[in-house]
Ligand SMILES: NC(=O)c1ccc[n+]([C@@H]2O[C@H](COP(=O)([O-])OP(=O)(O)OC[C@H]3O[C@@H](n4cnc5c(N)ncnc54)[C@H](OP(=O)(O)O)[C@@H]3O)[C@@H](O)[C@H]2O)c1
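Shown next as structure tokens: one chain only, the form predicted on its own.
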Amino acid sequence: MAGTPVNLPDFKKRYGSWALVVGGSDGLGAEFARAIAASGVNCVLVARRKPVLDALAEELRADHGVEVRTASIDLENEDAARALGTAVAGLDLGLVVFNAGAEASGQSLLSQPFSTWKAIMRRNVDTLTEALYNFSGYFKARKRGGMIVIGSHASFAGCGRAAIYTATKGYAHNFAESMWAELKPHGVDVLSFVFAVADTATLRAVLARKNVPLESVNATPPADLAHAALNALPNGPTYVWGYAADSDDTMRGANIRRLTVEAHTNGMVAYYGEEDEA
């Protein structure tokens, strides 16, 4: 699959000549990389499996003539955020897609040792927060850039047998919306992109093991999701796949969420006063 360009005419000018795709080996991450490369933007692809990353990199170079670098980084490692910074050091980085892997074990909280959940929290909270903190400072100083945090409908409610996953996705969603409010005045776009199920090889393997037909889960082609997120990036802080921006759903309507974030932010300013810029 060669990929098609993003429908934003100033995409490369707006976000620079390099993009970082975290979780960019296959599935949704690979489709982000294809769309970005088709738009003429060079890519740094990060995931654990170096051979898979390298194969995708060769595809992108051949199909789109862009530069592609790869880095094998485990997001559950304590030094993952530093390693992400090293992977893009010296590049004209303008876009970060944080596509951390899903947690699909379906295990109850007490069925696993806490170390299992701690690793997931490190990936979905600690690494995400530290990495986006670092990239936010870089983009703010340059007065341009964009960050997409891939979320899930799991962020909207707790769920038995998914306690840590729903909690960490809720954190990531609120964090992205908050960063949008802080960075938008500085020319930096942030988007929390939320969807239910992507039709990936991993999903199909899980469903096959459980004898669940693919048609029953209403999965969306990942290329459709990637293009929707990239095109919606200038209109943050939230895009919920399957819901119109003007939906009156107070949780999933993009316009309502934007107004809510702005109202809460204005309330904080009214309470604490304007903040002195560092």
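In this text the structure is predicted, and so the values were computed from the model without any measurement. The numbering used is simple: start at 1 and walk along the sequence shown.
Unshown form predicted in complex with this ligand; subsequent notes refer to it.
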Could you tell me which stretch in 145 to 153, 89 to 97, 184 to 192, 108 to 116 has residues with non-hydrogen atoms within 4.5 Å of this ligand in the model of the complex?
145 to 153
Might I73 be said to contact this ligand in the model of the complex, defining contact as any heavy atom within 4.5 Å?
yes
So, H173 and this ligand: in the model of the complex, are they within 4.5 Å at any heavy atom pair?
no
A47 versus this ligand, in the model of the complex: is there a non-hydrogen atom within 4.5 Å?
yes
Classify G23 as contacting or not contacting this ligand in the model of the complex by the rule of any non-hydrogen atom within 4.5 angstroms, answering yes or no.
yes
Work out which of A83, M121, A167, A196 lies within 4.5 Å of this ligand in the model of the complex, going by heavy atoms.
A196
Looking at S136, T129, T202, S178, which has any heavy atom no more than 4.5 Å from this ligand in the model of the complex?
T202
Pull the contact list for 230 to 266: residues with a heavy atom within 4.5 Å of this ligand in the model of the complex, in sequence order.
none
